[in-house]
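Below, in structure tokens: the form predicted on its own, a single chain.
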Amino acid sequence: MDRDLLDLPVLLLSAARALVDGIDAGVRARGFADLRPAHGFAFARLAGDGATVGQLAEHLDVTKQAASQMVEELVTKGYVTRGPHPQDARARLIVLTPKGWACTRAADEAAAEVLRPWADTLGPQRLAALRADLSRLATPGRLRPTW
């Protein structure tokens, strides 16, 4: 196989790791030092209308037990609450608290700080092309933190 093609996974994973590490450092610098990157992947699913433990488990590609443990940790730290589900009386809806939303905004700011130099390096046309190409290749939905 072509060496350029074989280098692609390493380059993509390296860029993803740099992004996650940069966001994590920015979130910690903004006062949210009690979280791990995996929590950010959970917050991405909870933002908006919230989710059940089952939906969160599916999003993170973990067991319901693992997702439930994460939710318990986030409840204890004040980032999420459990409440009644509006359509399913058997389910509990997990939603972000004001502290959880503040952390989400901090993560967005940190992401912008990490990505700004990438945009400057690539320029607007190459950045748009990269985004379009990745949009065609990426599968929307689950975001499993693998580190």
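Numbers for residues come from their place in the sequence shown, where the first is 1. Remember, it's a predicted structure, so these values are computed and weren't measured experimentally.
Although it is not shown, the form predicted in complex with the DNA is what the next lines describe.
Contact check for G54: a heavy atom falls within 4.5 Å of the DNA in the predicted complex. The DNA in the predicted complex is not approached by T121, whose heavy atoms all lie more than 4.5 angstroms from it. A residue is said to contact a partner when one of its heavy atoms sits within 4.5 Å of a partner heavy atom; D49 fails this definition for the DNA in the predicted complex, lying far away. The closest heavy atom approach of L96 to the DNA in the predicted complex falls outside 4.5 Å. Contact with the DNA in the predicted complex, defined as any heavy atom within 4.5 Å, is confined among 40-48, 65-73, 100-108, 113-121 to 65-73. Of the residues in 81-104, those that come within 4.5 Å of the DNA in the predicted complex through at least one heavy atom are, in sequence order, R82, D88, A89, R90, A91, R92.
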